[in-house]
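Quick heads-up: it's one chain on its own, the form predicted on its own, in structure tokens.
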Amino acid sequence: MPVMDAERILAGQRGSVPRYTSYPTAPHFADQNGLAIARSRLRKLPAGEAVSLYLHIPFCDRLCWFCGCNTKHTLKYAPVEAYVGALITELATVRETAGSRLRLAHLHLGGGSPSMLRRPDFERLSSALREHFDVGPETEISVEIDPSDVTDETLTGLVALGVTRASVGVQDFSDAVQQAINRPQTFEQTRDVIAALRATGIHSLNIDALYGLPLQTEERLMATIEKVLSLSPDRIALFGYAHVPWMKKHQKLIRDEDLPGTMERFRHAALAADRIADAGYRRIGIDHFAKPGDTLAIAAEEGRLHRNFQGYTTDACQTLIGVGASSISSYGDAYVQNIVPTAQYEKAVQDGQISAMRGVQLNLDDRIRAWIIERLMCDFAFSFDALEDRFGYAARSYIAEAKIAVANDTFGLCHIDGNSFAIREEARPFTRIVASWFDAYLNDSSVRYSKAV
């Protein structure tokens, strides 16, 4: 889409919108009794049900100024070791509450920096997971990697855990950009870590890169993309840096004047995405790319792509159980967020409680809008027939709403294609904006979000 059109669209639409890894989005989770909701949903799970787990490691041995995660900086390992003990206790409590062993389809370790764990703690987690869940050869186990953390001990720990997929954080290889975000990391260090991961048998690799960073220019970003492509990852995630200093105080260390403007961000994202696609990667959703034979690319082609708190995924499980401080669980008709402060989380777990805090039960309107928004984020369209098949007569008012949205769309971002609502291909960079049209919480909300592109 021409730059002038993009400028008009971004000027004429809401400038900041959610990333829609859930609906309702996390700021709108109510102060309902999360503990009661979590207990109720876990107890209803059938024996042998396939579930996913997210284990949050809220520690880093350095504080990256761009980070938007719930994490804390530590130079001592003792708090990390104690926290792993709490995770193990919570895993046992989850299994006890469910009343039976559940089949583990997907496990993701996020952070923070899970790769800072030492081998004995990887081994402890591996034993606990296999004690309380059915873990088989088909279980996908993924972990986020900070190359600066990785040692030989890390690699043997990942093998003990049974990791099948690794996601390596890069952000940007420019020295100037790295200094501006406090993230020193050489290309050579990253290259060697990726080679070591592959040597352990972890052949499925993702690399995260960011646009919109301070002091990032077109030349610096494209140089980073070329280096990323030279590493031949199976997947690439090209995220826009979310500058939210009102939420993450350490982001105030990044100077506003060093950040690219909205249109500069837009151009950078387009250039980087086009280069990745030209290298043979399939575009997945708004910000992911995968080699044609990758399971993510196949799922996208077959209409089986999903979106959760980790981004785009092949995970079709109805239940995602969050374990660890600040983790979020999804039970299909409810979300629950765990206690955020680490010390309070550990106390609750050691007292034999599930660490659930905030929760929200989805009503019919929430569930319909969640389905519509997920399909837009994954497929850039949703079928009216599929909506009716899923929700019956209630779908009709939302179909009418979609038709009204097209009629009011002065920029031509979307259209009715046969019996579907669809975002035009050239308008896909504005998918989050279109999805926000179906967000019933947004207009009455004072919550601030990151930039729309």
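The first residue of the sequence shown is number 1, and the count goes up from there. Quick caveat, the model's predicted, so the values are computed rather than measured.
The form predicted together with a small molecule is left out here; the points below concern that form.
Original post:
Which one, I321, V349, I236, I145, lies within 4.5 Å of the small molecule in the predicted complex by heavy atoms?
Top reply: None of the other options qualify; the answer is I145.
**OP:** Could you check which residue among V51, A427, C67, L42 gets a heavy atom within 4.5 Å of the small molecule in the predicted complex?
**Re:** After the contact test, the surviving option is C67.
Original post:
Does the trio Y20, S329 and G359 actually contact the small molecule in the predicted complex, every residue with a heavy atom within 4.5 Å?
Top reply: No, none of the three is in contact.
Original post:
Is there a heavy atom of A92 lying 4.5 Å or less from a heavy atom of the small molecule in the predicted complex?
Top reply: Answer no; every heavy atom of A92 is more than 4.5 Å from the small molecule in the predicted complex.
Original post:
Can any non-hydrogen atom of Q178 be found within 4.5 angstroms of the small molecule in the predicted complex?
Top reply: Outside the cut-off, so no.
Original post:
Is there a heavy atom of A270 lying 4.5 Å or less from a heavy atom of the small molecule in the predicted complex?
Top reply: Result no; A270 lies far from the small molecule in the predicted complex.
**OP:** Consider Y345 of the chain shown here, and say whether it contacts the small molecule in the predicted complex, taking contact as heavy atoms within 4.5 Å.
**Re:** Output for Y345 is no: heavy atoms all beyond 4.5 Å of the small molecule.
Original post:
Looking at 273-281, 295-303, 364-372, 112-120, which one sits within 4.5 Å of the small molecule in the predicted complex if you count heavy atoms only?
Top reply: Of the options given, it is 112-120.
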